[in-house]
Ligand SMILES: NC(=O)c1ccc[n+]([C@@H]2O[C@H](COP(=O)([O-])OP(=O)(O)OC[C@H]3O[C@@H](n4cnc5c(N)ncnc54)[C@H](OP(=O)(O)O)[C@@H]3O)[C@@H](O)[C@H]2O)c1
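Only one chain is shown below, in structure tokens, and it's the form predicted on its own.
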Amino acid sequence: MNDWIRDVFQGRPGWMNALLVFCGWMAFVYMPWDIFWKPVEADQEVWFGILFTGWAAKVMALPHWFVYGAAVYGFRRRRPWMRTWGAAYAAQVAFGMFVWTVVSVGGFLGFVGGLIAGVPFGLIAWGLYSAEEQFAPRLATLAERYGEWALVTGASAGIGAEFARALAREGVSLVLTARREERLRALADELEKQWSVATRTVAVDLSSPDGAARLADAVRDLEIGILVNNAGAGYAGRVDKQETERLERMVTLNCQSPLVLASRLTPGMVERGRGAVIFTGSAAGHQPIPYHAVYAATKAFDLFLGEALFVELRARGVDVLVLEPGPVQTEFQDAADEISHGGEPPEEVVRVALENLGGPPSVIPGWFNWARANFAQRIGTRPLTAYVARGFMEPRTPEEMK
């Protein structure tokens, strides 16, 4: 618990952490009580110095609830918008406190009381607006933060290729690995010409039992600072209609190989006191998904493994992130025998991952994907969640595999 508290509050000034705690209290304790349990006749809300009572207060409490919830997220993740947005809200509170006191008390005492009530919030607004360094994105490149070399698995296409391009833009040299060597070589040539980084290609099948070990041996002469465990595969269909050998290879690719590579490469990161590991999981890892049962189970493995390693390695200078996209515009759907249904651009998914590296243990790109991954299991029962997931997956599964 002490380590978690230290992780939540480290790096911010005390007054800003106090605001985080206050917003958390308001978002998770006071506002729910105020909206759902406080008697209507006793309810009051103030916006811009205007007092609302009764049912009008109940309605006006809803944006207050949203404001405090967003503030918890903004402070916790140090989002750049929090600086101006938080300052504007605090300034509104300062104005409201001043006006409300002047009007309710009146005269000179009302003016003095308004200053006493409003100035502290005005100072908070000024402090937030002036705290640019607390909300500014990191200026150091990924190469400066983690080291010269990165290993990207599944780099021949899709998310893996976009990871390689994004890392090369940051000055990171790349080890590119996948089964299709000609694609790897073409990507390596592109990165060398456009970004002047060094590259190495290693053609290996990570769905074979010894694939990850052979890959680790092939890069043991390099100081790998960033490991992107991206290679993965799906397989749509009812389990009794699926090929057992293909299921076994998928488990090896999605679970065993990322584990072996993390186990082999993180000791060097810990020894150097810096490094990063990214697991490409899936929003599917949050719930059982009929017609994608084994795939969802493998991504649950990746999620739990990555979030546990986040805690194990964070204090030793190694950042771990589980990237959990929803559908993405890649070859994945065709390779998994799904009926194509579109998705997010892979470059957007990679952007979200690299922006969050060093922050939370996992991230789901897109609010809709986040809601779909979390709401069902938090609101409904596990059987209900599985039935809802089946309704989503069934139209995307070929008839002969249902």
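Note that the structure is a prediction, hence the values are computed from the model and not measured. Counting begins at 1, following the sequence as shown.
Not on display, but discussed next: the form predicted together with the ligand.
Out of the stretches listed (104 to 112, 224 to 232, 124 to 132, 188 to 196), which one is close to the ligand in the predicted bound form, meaning heavy atoms within 4.5 Å? Stretch with heavy atoms near the partner: 224 to 232.
Only one of Val318, Leu142, Val204, Val93 gets a heavy atom within 4.5 Å of the ligand in the predicted bound form. Which one? None of the others qualify; the residue that does is Val204.
The single option of Thr266, Gln287, Ser173, Ser156 touching the ligand in the predicted bound form, heavy atom within 4.5 Å: Exactly one residue meets the criterion: Ser156.
Looking in the predicted bound form, any heavy atom of Tyr295 within 4.5 Å of the ligand? Yes, Tyr295 lies within 4.5 Å of the ligand in the predicted bound form.
Within a 4.5 Å heavy atom cut-off, is Arg78 in contact with the ligand in the predicted bound form? No, Arg78 sits far enough from the ligand in the predicted bound form that none of its heavy atoms falls within 4.5 Å.
Going by a heavy atom distance of 4.5 Å, is Glu245 a contact of the ligand in the predicted bound form? No, Glu245 is distant from the partner.
Within 4.5 Å, heavy atoms only: does Gly326 come near the ligand in the predicted bound form? Contact with the ligand, yes.
Contacts with the ligand in the predicted bound form, stretch 257 to 281 (heavy atom within 4.5 Å): Going through 257 to 281 in order - heavy atoms within 4.5 Å of the ligand in the predicted bound form - the hits are Thr280, Gly281.
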